[in-house]
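Two separate entries follow, structure 1 and structure 2, each one form of the same protein chain as structure tokens.
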Structure 1
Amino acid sequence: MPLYVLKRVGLALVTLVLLSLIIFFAGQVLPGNAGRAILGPFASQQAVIALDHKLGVDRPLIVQYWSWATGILRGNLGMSYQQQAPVSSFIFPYIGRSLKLAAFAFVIVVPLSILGGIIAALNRGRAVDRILSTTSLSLSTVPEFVSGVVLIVVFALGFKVLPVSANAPPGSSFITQLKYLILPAIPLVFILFGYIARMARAGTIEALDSDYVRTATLKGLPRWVVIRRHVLRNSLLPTITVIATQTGYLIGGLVVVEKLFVYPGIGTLIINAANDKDFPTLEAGVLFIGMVYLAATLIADVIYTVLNPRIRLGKAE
């Protein structure tokens, strides 16, 4: 197991290096000029050239990448062009807010969708299965801005039981902060419920139809014992991968929700940085989201091998 984990960590590091290359060079090919974006359209060309030289953006790309990458390893995320401050001095509150919203939605949707998928599978072909399957499929096709607007109109403007904005006042209690996150979390739950529930249903049905479950049933074990010991452990294996891939979406794919509920998270910061040609901020934000994806995938691989040791044995061979 430790050897397998080390191999996965090594692959993750290689992927991270490739990701940093893609992020950096993709940022460099975006239209616009850093000096011009900072000084404005009426600045002289000489002033723009002087500022580009000061920022180092006139150096060869490979030199710029090496300076950027080594700076990140030292904890230096670069200097924001627009805010004229180190990116590390202001990016972490944005990351923290996105993590808080993502964690809240994650805690709601994962157990709810897994339970829904298992219930649908155990009642395969019945009315409960059809209702849950249809509901999950329908919810996953509703865009966040549509469900978000409906929620705002009904619960914030209509019944006035929840706040419109997701950003709680400074110094708010934990319960108050959760109250402000309810509305923006629900559209995320709607989107992810369908994916995870359908995968949990498919995995449970596959486990129920397996030979080892039939053998356990023929031995006379109670149904709840068969489900707890043999079905759940194996039915969750494919679901883990789906949950891991959706974790990155929860962190970086919240731009619509953040804009709709006036929530300053990492997605909003990245969009603003792209519009302002603030490449250091843009690259740091996208790199963070990539690291979240890699970390989630790595954790999923480890959990997968714990639940199914044949995976790591096959790798070892």
Structure 2
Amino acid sequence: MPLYVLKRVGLALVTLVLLSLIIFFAGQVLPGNAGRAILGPFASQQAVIALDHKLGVDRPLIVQYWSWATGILRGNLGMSYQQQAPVSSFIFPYIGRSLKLAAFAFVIVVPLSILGGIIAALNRGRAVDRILSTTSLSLSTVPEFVSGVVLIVVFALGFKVLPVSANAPPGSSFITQLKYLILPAIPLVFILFGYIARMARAGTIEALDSDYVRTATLKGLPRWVVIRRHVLRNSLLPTITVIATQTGYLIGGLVVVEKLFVYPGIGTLIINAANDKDFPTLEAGVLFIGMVYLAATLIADVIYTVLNPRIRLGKAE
């Protein structure tokens, strides 16, 4: 088992290096001349060359990648072109606000979607199942900003029960802050609900069809005991993996939701950096999203291994 975890960590590190190469390629190589991009088409050639030299983008690509990558390992995320300050000096509050919104959506969606999946599975083929499955699937295919717009129009403008923006007035209480985060969180919940509920439903149905559940029912255990002790323990295992992989997408969906609700998180930071052609900030933000995703999948794999006695006690591979 430790060998498996070690192997898994190694694989994640290889993926991370490749990911950093992709981001570096997109952020540093494709945009062409950084100095020209910043100074605009009317700047003199000397000024562009001087700025290129100052930014270090006139060095060979390998050297640039090496200093960028090793810099990140030392906590140096690069200098923001726009802010004229180290990216690490301002990025963390943005990350913090995004994590707050993501965590809130997560806390809502996980119990809700697992419950939805189980209810659908227990009513397999009936109207409840069909309605739950179709609605959740439709909701998860609609972009976050589309459902967000509908929610704003209905709940903020129509019923006037929730605020339009995500930003609570400074100094407001925790509960008030949460109230401002409800509308932005729901589009994220919509996207994730479908995936997690579908997985929970499939797992529950598989467990319901198993021999051990039939045995448990036949030996006279009450239905809810069968469900709690025999069905759920087995059905939720694959769901955990899906929840973790979806965490990465949750962070991605934030970009869109933050723009719609004008919420100063990592997504807003990335979009602004993209508009300003501030590639160091953009790269740092995107790399952060990738790292969250990789960490989430890694944790999911490890949890799965630890919880599943068939893998834990069996031979590795």
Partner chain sequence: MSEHIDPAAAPVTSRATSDPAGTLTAGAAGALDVSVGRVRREQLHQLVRSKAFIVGSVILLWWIVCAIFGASFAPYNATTANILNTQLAPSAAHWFGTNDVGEDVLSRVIVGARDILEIAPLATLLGTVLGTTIGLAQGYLRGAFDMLVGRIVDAALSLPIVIVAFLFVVAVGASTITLIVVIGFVFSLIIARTVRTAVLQERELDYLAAARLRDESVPHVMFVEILPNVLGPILVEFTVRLGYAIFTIATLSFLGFGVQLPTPDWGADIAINSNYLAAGYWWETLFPALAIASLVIAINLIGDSIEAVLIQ
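By rigid core we mean the largest C-alpha set that fits within 1.5 Å across both forms. These numbers come from a predicted model, not from an experiment. Residue positions are counted from 1 along structure 1's sequence.
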Structure, 1 versus 2, that is the form predicted alone: 1
Superposing on the rigid core, does the Cα of Pro143 end up 2 Å or more away between structures 1 and 2? yes
